[in-house]
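First comes one chain, alone, set out as structure tokens in the form predicted alone.
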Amino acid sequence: MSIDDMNGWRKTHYTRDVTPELDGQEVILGGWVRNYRDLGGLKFITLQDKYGERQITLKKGVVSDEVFEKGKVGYQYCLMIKGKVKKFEKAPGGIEIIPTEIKILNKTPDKLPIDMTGETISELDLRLNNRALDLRSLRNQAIFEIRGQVLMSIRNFLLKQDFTEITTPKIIGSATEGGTELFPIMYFDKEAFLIQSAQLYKEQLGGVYERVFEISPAFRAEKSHTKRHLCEIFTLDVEMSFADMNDVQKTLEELVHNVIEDVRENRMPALKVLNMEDKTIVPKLPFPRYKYDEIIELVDKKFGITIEWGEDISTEAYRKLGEELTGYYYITHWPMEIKPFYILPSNNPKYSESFDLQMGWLELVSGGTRVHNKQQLINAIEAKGLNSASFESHISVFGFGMPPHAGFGLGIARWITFICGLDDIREAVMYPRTPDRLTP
């Protein structure tokens, strides 16, 4: 069987546009064969595109012999179909297409590396090895349809709140936040690094545009082999001037509320594909707030897990917390000693003006009020054992009337993992990067 050219054919509709109201009209669809059944004198092709699927019905004697013979196809063949729309309640969308012509634009092997019918779900690493094929599945289409809605809703919400979208460098000359979890690269004849956070740049730009946000990648060179860590992450970074962490928390919880509301209103069919229509619900406002001290006391008394004051909360403790606190909630006023230099200390300097937003046991957001006084910033950098000279370009900005400010960073993939009910964060990224995965 030969491969056809389009020869002037163009799609007239996507599958979602072909409805019973088009009964009797001619359409041209293009897509891939998700399923195929040959019953002798009757063949069914389930044709899938980016918006869904439609049934192509070939009955011997109804379609021409040439079309009927050409209807012998394989899974994931790339086709264009010209045909008439016919109402048929039992078919997807209440219609079927009776083809008058079929073009086979490309073929596939007899056996595909992963199951694309939807009857079973292949092992994740095998799917990731064949990611471009895997992403055609209805399940993945639903995941990334929801992800697209989340990103659009975030932008719409923040722009309406007088935020300016910014773009910051992803290549930096030194490890400006401290730490060793950076990827070094060669920048001509110098060593440079991939940025691990937009933090310092968004603070500087907050002193220009007052309210700023960025949705962009960052890079973390930590060898974490968990279902919630990636080396290339995608984050929402927000900074607000003339504000403290209470203002930021209010904005954040309103953003979460609005985004989930938009997902439910606009992407309910995708939620249903993932069986999340009754689980991804609009959270009530305001979100509960618990101080760090209250949380470590709770896990000690209720679960017998002791956390020494000043230590981070363990994964075991978080999982137990998730059984007790099942929705969104804040953990505030973390010990200053475990927070970065740019976080403002509380009136009691043992504590910080900082918070995390949790969804059950999963941390989604870290944020807080920032230091805006220049000398206090220099002192904070040196108190962390860092060289203030390495931060000269950043510190200098604080001599130009830097306003009080606060902000947060939200992990997009982690949030999508929760919204879509996924077991592994890698499913929320088109091409994930982990310590073990650099291709495809």
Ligand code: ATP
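Just so you know, these numbers come straight off a predicted model, no measurement behind them. From 1 onward, residues are counted along the sequence shown.
What comes next is about the form predicted together with adenosine-5'-triphosphate, which is not displayed.
Taken together, Thr235, Val365 and Ile425 are fully in contact with adenosine-5'-triphosphate in the predicted complex: each brings a heavy atom within 4.5 Å.
Comment: adenosine-5'-triphosphate is not present in this chain, but in the predicted complex one of Arg131, Lys291, His229, Arg155 has a heavy atom within 4.5 Å of it, namely His229. Comment: adenosine-5'-triphosphate is not present in this chain, but in the predicted complex one of His257, Arg136, Arg220, Lys250 has a heavy atom within 4.5 Å of it, namely Arg220.
Contact between His372 and adenosine-5'-triphosphate in the predicted complex is not found at the 4.5 Å heavy atom cutoff. Contact check for Gly30: every heavy atom lies farther than 4.5 Å from adenosine-5'-triphosphate in the predicted complex. From the list 277-285, 357-365, 164-172, 123-131, the contact stretch for adenosine-5'-triphosphate in the predicted complex under a 4.5 Å heavy atom rule is 357-365.
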